[in-house]
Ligand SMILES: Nc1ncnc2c1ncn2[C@@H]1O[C@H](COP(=O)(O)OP(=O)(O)OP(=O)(O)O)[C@@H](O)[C@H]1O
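A lone chain, given as structure tokens: the form predicted alone.
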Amino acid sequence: MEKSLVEVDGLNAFYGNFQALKDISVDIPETEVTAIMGPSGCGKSTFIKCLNRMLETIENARIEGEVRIDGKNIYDPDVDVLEIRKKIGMVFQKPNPLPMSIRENVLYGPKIHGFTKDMEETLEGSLKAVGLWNEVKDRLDISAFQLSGGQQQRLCIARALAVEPRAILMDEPTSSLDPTSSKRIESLIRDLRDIYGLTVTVVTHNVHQAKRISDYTIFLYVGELLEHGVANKIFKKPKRKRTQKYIEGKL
């Protein structure tokens, strides 16, 4: 396995009295695409929300265990939560642009974090990275809501990229998109890895998508980590019968 960016150790997650994740320990390799797959309600979204402390924004949610980035537990009391969320960006199931212009959406993060770089350069670079620049360069000051669903999702990825993260978390980023837009997002995920050297972790319930995009795969089942490792090996010869059944669409 490549060098790990994120190390998860003994992770348990709860919503009130309900335990959503059970004693998960797994490493996420740096500059690779990791797909997290499993049936609905198995804890996939909960898991990635633990990786940048988004879970604590949900009422009654709490975690036990450690999530280490570069060896440092992100849940230590001296850790700056905003800095963690800058380092580990997040893209959600449904596009969620801010109620402002395309330009302001992309530059919102850099301004909040007090970036001193050329803002126009950041704007253009981020939009080019997601293949949006040529589509919107003449209308940067229109509302982001005027873009199509697929364009809005790419804008949200550009917004995450603008703060120069180490990693991007994506929670079923194509689930609300048409097949053409989904294909573009999948291609973009590979570009983020190959061209920009980012670590990308993608939640998906689509086995075929996981197979297409991932270098490493994590299989969760009712809150437990059943299997993880190199994607090719898991899809060709999984160690667990449940993984095999899920891949074959029988679970």
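Please read these numbers as outputs of a predicted model, since none were measured by experiment. Numbering starts at 1 and runs along the sequence shown.
There is another form of this protein, the form predicted together with the named molecule, and it is not shown here; the text below is about that form.
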Heavy atom within 4.5 Å of the named molecule in the predicted bound form, from candidates 124, 172, 104, 135, belongs to 172
Ok, 218, 42, 188, 33: which has a heavy atom sitting within 4.5 Å of the named molecule in the predicted bound form?
42
Quick check on residue 46: any heavy atom within 4.5 Å of the named molecule in the predicted bound form?
yes
Exercise: residue 20 in contact with the named molecule in the predicted bound form, heavy atom 4.5 Å
yes
Is there a heavy atom of residue 211 lying 4.5 Å or less from a heavy atom of the named molecule in the predicted bound form?
no
Is residue 184 near the named molecule? Define near as a heavy atom within 4.5 Å, in the predicted bound form.
no
Thinking of 94, 129 and 196 as the candidate spot, does the named molecule come within 4.5 Å of a heavy atom on all of them in the predicted bound form?
no
Can you name the residues of 199 to 214 that have a non-hydrogen atom within 4.5 angstroms of the named molecule in the predicted bound form?
205
